[in-house]
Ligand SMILES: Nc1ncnc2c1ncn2[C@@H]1O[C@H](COP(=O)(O)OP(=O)(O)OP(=O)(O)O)[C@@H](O)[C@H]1O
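Heads up, the chain below is alone and in the form predicted alone; it's given as structure tokens.
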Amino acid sequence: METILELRGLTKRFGNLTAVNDLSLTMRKRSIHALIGPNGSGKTTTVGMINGTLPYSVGNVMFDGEDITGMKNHTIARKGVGRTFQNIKLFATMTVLENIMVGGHTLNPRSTNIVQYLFRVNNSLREETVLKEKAEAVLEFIGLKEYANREVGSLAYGLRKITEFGRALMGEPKLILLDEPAAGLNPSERVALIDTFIKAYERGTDFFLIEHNMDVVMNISTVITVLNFGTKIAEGTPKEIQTNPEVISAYLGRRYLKEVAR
């Protein structure tokens, strides 16, 4: 089995608080691996350690067969790990096209600051043209070409979520870490976003998903890992997780079990 991501005994402590405790998991290639659990169970902390924005206390992270433990965020991004955020981190006064272009910083190894890269005077016209053409292709792929010149701040929330996903795609990632992508979306916006994810997955991108919406998790995930108080309590297919007594007790609840049984 080929793996895209492996966590080995990953632990994060904040003083006397252990946010993530000895977490190990293996994510195979061509999969959508979900990480679920109650609020405060360590999910976002785990994602931060994977992509290098949070240092680990103990453990290792392997990406596509390479040990990326201790590498900086921008280095990990250039190796093929993209990310979206629960709280959207877009530039509201920039256009959709410009925001997508920002995601291209991983394509240029000479630059660690994409804003400087995009707008400094001595950039070659060719570099900017290539970046713009790629961003336009991404906009076409995610269905937002008609919004290219609109300021992001003027868009509906669901379109901003798709824009952020498009920015992640600009770096040509092998794996994208999705942190609560469906949060705050109405049903139609949620469907549009998930359809875009599936389209990218079918094109070859794998996903590591954090999500509270169980309809999303159970319908698109290949494997689900469950955290409670920073510790892994279960792992398996959606069907296995839905019927796991410990997961039901700690997170899903009896009401969810009844809804599934209908």
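From a predicted model like this one, the values you see are computed outputs, not experimental measurements. Sequential numbering from 1, following the sequence displayed.
Below, we refer to the form predicted in complex with the ligand, which is not included among the displayed structures.
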The ligand is absent from this chain, but in the model of the complex, do Pro238, Gln242 and Pro245 each have a non-hydrogen atom within 4.5 Å of it? no
Test of understanding: in the model of the complex, would Asn51 fall inside 4.5 Å of the ligand by heavy atoms? no
Should Thr225 be counted as a contact of the ligand in the model of the complex, where contact means heavy atoms within 4.5 Å? no
According to a 4.5 angstroms non-hydrogen atom cut-off, is Gly204 in contact with the ligand in the model of the complex? no
With heavy atoms only and a cut-off of 4.5 Å, decide whether Thr45 touches the ligand in the model of the complex. yes
Region of this chain that lies against the ligand in the model of the complex, out of 37-45, 217-225, 196-204, 22-30 [heavy atom, 4.5 Å]: 37-45
Within 3-20, the residues having any heavy atom within 4.5 Å of the ligand in the model of the complex are Phe14, Leu17, Ala19
